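For this one, two forms of the same chain are given in structure tokens, first as structure 1 and then as structure 2.
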Structure 1
Amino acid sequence: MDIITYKNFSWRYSGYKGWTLHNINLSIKKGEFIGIIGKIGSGRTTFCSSMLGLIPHFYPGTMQGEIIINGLNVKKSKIADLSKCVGLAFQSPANQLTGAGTTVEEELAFGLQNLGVPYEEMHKRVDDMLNLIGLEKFRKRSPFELSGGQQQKVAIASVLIMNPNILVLDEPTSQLDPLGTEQVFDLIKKLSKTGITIMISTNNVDYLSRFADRIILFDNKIVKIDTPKKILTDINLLKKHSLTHSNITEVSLRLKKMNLSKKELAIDFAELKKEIEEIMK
């Protein structure tokens, strides 16, 4: 069953000429892991916002077409209702903090209070989440006094704790160090195995090539939707959109240029290993 459907969706910010997103048609199945890539200004944040209904409800502009999320027509639904099934981690984590909690733990609990989660369960879920993201030490700190990376983790946790069916992450590792990035992607991968649908905007192709089921390439429209293999080894296409390919693909490319291998470009370690093993024979 499709959990996300876009039918001829277009969006234009008021006062601007031309569509920021034009004629988007899309069906995402429950449990899919989707990577969203594109150059700066290609409309990825706009697309992510539309899944929670911030577009069209919060921004002035013109919308055409239809978005159906988890059976809800976005245009006709309250964001508060959409937020029960869609968790959106904003591009800038500081904007995610509501200020309704004086501490990290209260900030995390805020969504649960609004959903009417009982006291005992709420405390358990907050404890578990703090453990999961490794911020127990910071539970009593003001979320406004955390580093960007820590705020990013709190922001992701604050929506994740509400148990959404669909987790939308808009550049969730932009402020994280390599270890933090690794942790967040590991966490996302784990979540994905539990059956929730992941939509992640990131240009970190190393991770996408390993984890994503499909990748959407944006440039104010959908340029291409395909498997990581098809998109992330199309070097000319990536270059055209100011994107780079992964290190593994680069190694594979060089092997090919040296005429050592005639196979198609490798995208993950297993493929590269196979390629090298064949060369060794």
Structure 2
Amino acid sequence: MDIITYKNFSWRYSGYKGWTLHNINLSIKKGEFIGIIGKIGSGRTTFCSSMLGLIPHFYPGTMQGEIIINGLNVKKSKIADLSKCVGLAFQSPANQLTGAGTTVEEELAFGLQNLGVPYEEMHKRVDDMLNLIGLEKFRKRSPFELSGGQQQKVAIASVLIMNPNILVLDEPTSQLDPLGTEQVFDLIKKLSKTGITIMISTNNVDYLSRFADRIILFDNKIVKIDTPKKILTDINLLKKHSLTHSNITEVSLRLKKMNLSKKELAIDFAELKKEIEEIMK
């Protein structure tokens, strides 16, 4: 069952001559984990914003075609209605944390309070969410006292607690150190097993190779949609669109150039480990 459908969608921001996104046709099934990659200015953030209806309802511009999200026509629906099925987490957790509460648990409860969720249910959902993101011990701490990775987990949790069908993450680790990045992707890995549809825009291909079902390469249009293996090992394709393959793939590529291996290029550590073990034999 398709939960996201784009039909001949194009978007041009007001004041610009060219299309930021042009002729997008796409179908995403419920429960899929989709990675979105592309150079700066390729339209990835615009694409993410369109799923929540910020485009065309918030940003001025010209739209062609249509977007159907969980049965709702984006152009004909209100952002408030779309936000019930789509959760969007931004690059910087500081831009998403409301500061309405003084503690992590109050931050998570804020959206539920606005919806008038009964106290017992709200308390349970907050407890469940703290357990999911692994921050039970920090529930009484201010979210602004946490590390960057922990703050981003709280920001994502504040979206998840509203029970969206689709989670959209726009460069969620771009401002984090390696530890914070690992923490956030560990959470995303957990979420991918719950049946929620995940759309994540990131050029961190090491993590996408582990989790994504499919990857979309954008360059103001959809250049290619395929499995992580087929896209992330296509060195020429990535280079053409100003992207870099992973360090793991680079090691595998060098082994191939040295005639030590004839296997397909590796995209994750498990594949590379197996390739090296076979060489050692």
Partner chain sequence: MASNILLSYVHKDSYFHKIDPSTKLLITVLVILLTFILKNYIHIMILLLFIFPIGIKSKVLRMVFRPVSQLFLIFILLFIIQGLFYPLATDKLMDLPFGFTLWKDGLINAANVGSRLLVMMVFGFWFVLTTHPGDLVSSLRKIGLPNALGYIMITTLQMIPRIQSQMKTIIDAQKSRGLETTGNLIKKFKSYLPLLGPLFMGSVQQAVEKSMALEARAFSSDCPKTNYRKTTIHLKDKIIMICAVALSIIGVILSWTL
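In this text, the rigid core denotes the largest set of C-alpha atoms whose superposition between the two forms falls within 1.5 Å. Note that the structure is a prediction, hence the values are computed from the model and not measured. For residue numbers, the reference is structure 1: its sequence is counted from 1.
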Of structures 1 and 2, which one represents the form predicted alone?
2
Answer yes if Thr202 and Ala80 are in one rigid part between structure 1 and structure 2, otherwise no.
yes
Since the chain moves as two rigid parts, how big is the smaller part's turn between structure 1 and structure 2, in degrees?
19
Asp128: how far does its C-alpha move between structure 1 and structure 2, core aligned, in angstrom?
4.3
